[in-house]
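Here you get one chain, nothing else, as structure tokens; it is the form predicted on its own.
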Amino acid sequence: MRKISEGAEAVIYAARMLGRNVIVKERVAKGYRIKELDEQLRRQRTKTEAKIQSTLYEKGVRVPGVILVGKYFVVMERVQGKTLNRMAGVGKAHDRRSMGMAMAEAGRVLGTIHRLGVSHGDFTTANIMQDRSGRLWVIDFGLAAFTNSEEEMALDVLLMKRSVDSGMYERFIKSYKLGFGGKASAVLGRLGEIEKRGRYQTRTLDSA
């Protein structure tokens, strides 16, 4: 296996399995936590991430398919492409058009994910990939949860709003409403409340 990235939560490896390119995401131990609590959290989060990803995959959402789940790791198919944050800063007209189309699709996808009762937890341009065929994939469900909470869903929208400029956000939010349907208005209403409070909430990696 070849390490390709490392964060506070997990180490990501590229590997080959049964002739396929795969990603291995391994949750790392946290030495500052009580060992029993650390193991419980890592097991639960690994299980939840794999279950959410598999559920969305079965519902037709373009996410990497889960191949194998271990105690603290998930093996999934590898998506070849580039993340949208690598497109967001470009200035050429044709690149702006491509980014606009991608943002519209991202909005529809997030609306669908929310309609299926899932919040992503870190829905930014860094966690949306465009493959070589131009299709979008949502990655990194490490902070995702099964939920109907309007607050959690509003935070997904807010994260994206803070990731792009106003023009791109308009494309995104228009499609989000179409993807989610009638319930989108309640989420956007909650988003307005969060912004008025001046409070930006995120789940921390080490919250119980």
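We number the residues from 1 along the sequence you see. Throughout, rigid core stands for the largest set of C-alpha atoms superposing within 1.5 Å between the two forms. Small disclaimer: the values here were computed from a predicted structure and weren't measured.
Keep in mind the form predicted together with a small molecule is missing from the figure; the text below concerns it.
* Is there any non-hydrogen atom of Leu191 lying within 4.5 Å of the small molecule in the predicted complex? -> Output for Leu191 is no: heavy atoms all beyond 4.5 Å of the small molecule.
Is Arg86 one of the residues lying within 4.5 Å of the small molecule in the predicted complex, judged by heavy atom distances? Contact with the small molecule, yes.
Look up in the predicted complex whether Ile12 has a non-hydrogen atom within 4.5 angstroms of the small molecule, and give yes or no. Because a heavy atom of Ile12 falls inside 4.5 Å of the small molecule in the predicted complex, the answer is yes.
| query | Looking at the partner-bound form in the predicted complex, is Met129 within 4.5 Å of the small molecule by any heavy atom? | reply | Contact check for Met129: yes, within 4.5 Å of the small molecule in the predicted complex.
So which of Ile139, Leu155, Ile173, Val66 reaches within 4.5 angstroms of the small molecule in the predicted complex, heavy atom to heavy atom? That would be Ile139.
Handout entry: Candidate from Arg96, Arg78, Arg115, Arg135 lying within 4.5 Å of the small molecule in the predicted complex - any heavy atom
Key = Of the listed residues, the single hit is Arg78.
Only one of 155 to 163, 23 to 31, 36 to 44, 175 to 183 gets a heavy atom within 4.5 Å of the small molecule in the predicted complex; which is it?
Every other range fails; the passing one is 23 to 31.
After the core is overlaid between the shown form and the other one, has the C-alpha of Glu193 moved by 2 angstroms or more?
No; that C-alpha moves by less than 2 Å between the shown form and the other one.
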